[in-house]
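Take a look at this one chain, the form predicted alone, written out in structure tokens.
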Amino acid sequence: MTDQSQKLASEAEARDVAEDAREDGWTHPSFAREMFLGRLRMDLIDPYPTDPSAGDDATESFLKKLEQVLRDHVDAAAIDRDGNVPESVLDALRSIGALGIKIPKQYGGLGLSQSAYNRAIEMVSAHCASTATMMSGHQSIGVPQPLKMFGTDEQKQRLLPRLARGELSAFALTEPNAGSDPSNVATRAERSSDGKHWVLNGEKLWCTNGPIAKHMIVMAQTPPKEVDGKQKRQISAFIVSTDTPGVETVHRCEFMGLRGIQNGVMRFTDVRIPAENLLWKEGSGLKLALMTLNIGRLTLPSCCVGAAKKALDISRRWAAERFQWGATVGKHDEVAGLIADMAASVYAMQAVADLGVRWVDNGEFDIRLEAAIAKLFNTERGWTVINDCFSVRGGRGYETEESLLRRGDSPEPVERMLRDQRIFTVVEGSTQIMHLYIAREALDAHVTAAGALLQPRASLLAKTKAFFKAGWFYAKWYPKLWLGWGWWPSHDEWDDLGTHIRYLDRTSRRLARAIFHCMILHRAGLERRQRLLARVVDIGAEMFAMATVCARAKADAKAAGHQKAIAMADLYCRGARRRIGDLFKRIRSNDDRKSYNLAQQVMMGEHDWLEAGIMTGAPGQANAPAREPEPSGARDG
């Protein structure tokens, strides 16, 4: 039973914990950050970065082996049906080093690049999302990545060889009362009296690989520290071996999709952790988690690319073969439109995913915004692509692949893909949370400049000082948002894509002005206007996708010697411009306040008459009666 007695963090405490976990400063360039400030720095992404893994003998050899393992050992339908990635699959992956792709060779890993790793995950995702998630849970956010980034030499020498050999790992942060808001972490670690151990107690929820992991990163509260006369919560990261007494799996979770993954509720009862298993330093657990996620989040965009490519393959073959109403269905205008949009989306998703991945290998860019936008954009766009594939396939999209096979039809896994894809808009930061995260990072220059003016709890004195500081910043910055030439012949070197680059040039300044005007209008209340901020972020995400797809197409066209990539980028950008226009309109004119007020009334039960005629309460609750319809007009006025 989960302990519900913990006092939950206040809004202010939660905000402070989140702020403390942020990375300090911007020491490397970021295209997205510049774009939100009204500066279109195409020089940062053009030429589009090359793939360091392309043509690399070790990478290409590994990918061929991986493809063979998928063909010979990974029965995706059986994994979904049986709810398990079998040990034979794990052994096959271990045999080719697929569970230690990025672990350096000196520790027994393959020592391949981030680009090589993401190419592998993309391939696996197109075949079996459960297997890809298991691999990602181990290597992207499990022990190897944070250990490489923050571990001591002793920790690396002790653990990385075991992880490279395929001892699975997991990451444990989420709890019943602590998800995207980590301030409510209740799991605690207390130092033993002799200082040689930490004693861990608590429970973690939704630990991917948890039930089968040999090692875990566990986030726990450690004793608070006094800062400026106030007690400050401390969350630290520990490496925990699951064979330690007191570690147990108390429940294996079952889901709509990704049915083959091992995901569970993990309980820790008086678990003694050696002092040397503290990772990085005390109180830095959340910062460690966020910095790890900056790289770990790049896996999900590539997962979505793999699945979207598979959906496009299924859709185009079916549209070209299925004959209805005197023509193949792909000749009918509405289906043709779906196919074209899917293809353009896949190309944009590839461009967005690969940019951040290649920048990680480059090591000279700050990718926190780019990784977050890639996660937001690709998971949402990937869901749309697979849902469109479902529409193209019709009834065969709703039928399971095994049922299709038994009756002699082509066993395309659309139904399974739809179930598997849906969770990607939720894990590692839901779409709603990514909106808030990206908005905070996009506003960082303003928070630095305006400071207390944007803080509800700031004193009058602090706000007065901030006013003068902000005045100097904005006197130099704001006029530039009205200057600059964003029309022909500017950016003429982009040829057929020049019209889109000129649009981005103008729109980046328009977006920066819109952000500033929202700040002036709402001031400290802006943080509560989350739907408004979401529109700002979605505009930025669409602009980011436009810029990257243009840069990618320019590079691809040059390499291939033809214009096919240009046509694909052009179609994507045309649709994106319409979406951006709609979002700008909804910044100025919306029903946010009315819908918020109505939602509060609904949650208070004032509109329960809408639920008339159904059995109320969760399944299994004792005989809740059906609601009686309320007389018409009873609440009029």
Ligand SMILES: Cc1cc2nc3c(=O)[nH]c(=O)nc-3n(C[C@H](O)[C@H](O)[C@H](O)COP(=O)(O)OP(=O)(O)OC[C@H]3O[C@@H](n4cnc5c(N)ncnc54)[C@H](O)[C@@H]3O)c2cc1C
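The first residue of the shown sequence is 1; numbering continues from there. Keep in mind it's a predicted model, so treat the numbers as computed, not measured.
Only in words, not in the display: the form predicted together with the ligand, which the text now covers.
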Exercise for the section: Determine whether any heavy atom of residue 544 comes within 4.5 Å of a heavy atom of the ligand in the predicted bound form, and answer yes or no. Expected result: no
Problem - Contact label in the predicted bound form: residue 172 to the ligand, heavy atom within 4.5 Å - result: yes
Exercise for the section: Using the partner position in the predicted bound form, report whether residue 261 sits within 4.5 Å of the ligand, counting heavy atoms only. Expected result: yes
Handout entry: the ligand contact at residue 415 in the predicted bound form, heavy atom, 4.5 Å
Key = no
Problem - Segment assignment from 273 to 281, 427 to 435, 363 to 371, 106 to 114: heavy atom within 4.5 Å of the ligand in the predicted bound form - result: 427 to 435
Problem - Single option in 221, 145, 208, 294 placed near the ligand in the predicted bound form, where near means a heavy atom within 4.5 Å - result: 208
Problem - Position in contact with the ligand when the complex is considered in the predicted bound form, options 464, 391, 403, 530, heavy atoms within 4.5 Å - result: 530
Exercise for the section: Output the sequence-ordered list of residues from 178 to 196 with at least one heavy atom within 4.5 Å of the ligand in the predicted bound form. Expected result: 179, 180
